[in-house]
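Single chain ahead, by itself, as structure tokens, in the form predicted on its own.
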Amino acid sequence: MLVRLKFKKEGPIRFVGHLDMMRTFQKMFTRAGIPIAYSEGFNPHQIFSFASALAVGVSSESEYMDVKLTEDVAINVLIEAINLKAPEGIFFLDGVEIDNKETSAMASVVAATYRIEVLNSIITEDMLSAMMSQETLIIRKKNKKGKINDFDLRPGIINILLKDKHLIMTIANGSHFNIKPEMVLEKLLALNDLNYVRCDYRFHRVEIYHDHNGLRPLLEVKLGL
């Protein structure tokens, strides 16, 4: 049985990095008595994967993961068992059984929406309009080989707006084209001769999307949705 689960991550645990979160989830599934499948080989490990790694310090209301089980379990029973053993700040919200042939959550991701709370800075609608009117938004970005190249953010910004002192942006996210909200924010500030100070902003991921008939939340897989 293959399931896709949705959970939120909030509070102090948002400062736990991705690798430590992997270890935390391994212990959580074991303690919950979940019949999770293990890989074969010399060093077997639990078979699960997150859709998209969440940066340290970022909270989220819509994280997703695929989990392979060795036997069928009702989704509500599965979620209840996991939540009983989940650490503070992690809470599973929903889930769906998916076909083994379904594209993995990690490979499905194409975009994500972030909410950035502006704590000690000034961002205006005019600043956003001026940035989005640019044909290109070039930054310097290091690739996987350590080489620094020019990178155009503009094609990856799907939507951006200001709402109640919160910056809401939907941006490309995934293996094919990936940008981070900090990149967009830093570029916006640089265009206005302002410095980026991380503690002036609070980042929160609102949703992650796949591209089946347009941007749709990742839990809405092809199975009946």
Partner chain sequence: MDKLFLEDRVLLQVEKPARYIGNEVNAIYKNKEEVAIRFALCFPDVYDIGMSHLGLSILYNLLNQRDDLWCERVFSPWVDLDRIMEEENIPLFALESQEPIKTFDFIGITIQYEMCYTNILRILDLAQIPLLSKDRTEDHPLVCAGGPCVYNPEPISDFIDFFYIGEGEVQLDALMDAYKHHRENGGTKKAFLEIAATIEGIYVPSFYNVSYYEDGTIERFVPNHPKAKPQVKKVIMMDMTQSRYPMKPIVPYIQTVHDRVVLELFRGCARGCRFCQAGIIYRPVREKDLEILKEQAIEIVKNTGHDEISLISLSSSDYSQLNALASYLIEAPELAHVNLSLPSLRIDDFSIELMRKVQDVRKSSLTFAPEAGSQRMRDVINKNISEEDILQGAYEAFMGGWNRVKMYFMLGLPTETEEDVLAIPKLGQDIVNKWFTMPGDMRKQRLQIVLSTSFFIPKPFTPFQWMGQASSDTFLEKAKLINKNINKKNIKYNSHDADTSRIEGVLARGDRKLNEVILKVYQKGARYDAWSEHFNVTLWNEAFDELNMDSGFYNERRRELEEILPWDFIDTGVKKSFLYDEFLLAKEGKTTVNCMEGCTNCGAMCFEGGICYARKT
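Numbering follows the first chain given and starts at 1. Computed from a prediction, not measured in an experiment: that's the story for all the values here.
Beyond what is shown, the protein has a form predicted in complex with its partner chain; the following relates to that form.
Have a look at 37 to 45, 183 to 191, 159 to 167, 61 to 69 and name the one stretch with heavy atoms inside 4.5 Å of its partner chain in the predicted bound form.
That would be stretch 37 to 45.
Verify the contact flag for residue 13: yes if a non-hydrogen atom of it lies within 4.5 Å of a non-hydrogen atom of its partner chain in the predicted bound form, no if not.
Contact with its partner chain, yes.
Does the 4.5 Å heavy atom contact test between residue 175 and its partner chain in the predicted bound form come out positive?
Answer no; every heavy atom of residue 175 is more than 4.5 Å from its partner chain in the predicted bound form.
May I ask you to check whether residue 211 falls inside a 4.5 Å heavy atom distance of its partner chain in the predicted bound form?
Contact with its partner chain, no.
With the cut-off set at 4.5 Å between non-hydrogen atoms, does residue 202 touch its partner chain in the predicted bound form?
Yes, contact at 4.5 Å.
Select from 52 to 66 the residues with a non-hydrogen atom within 4.5 Å of its partner chain in the predicted bound form and write them out in sequence order.
Contacting residues: 56, 57.
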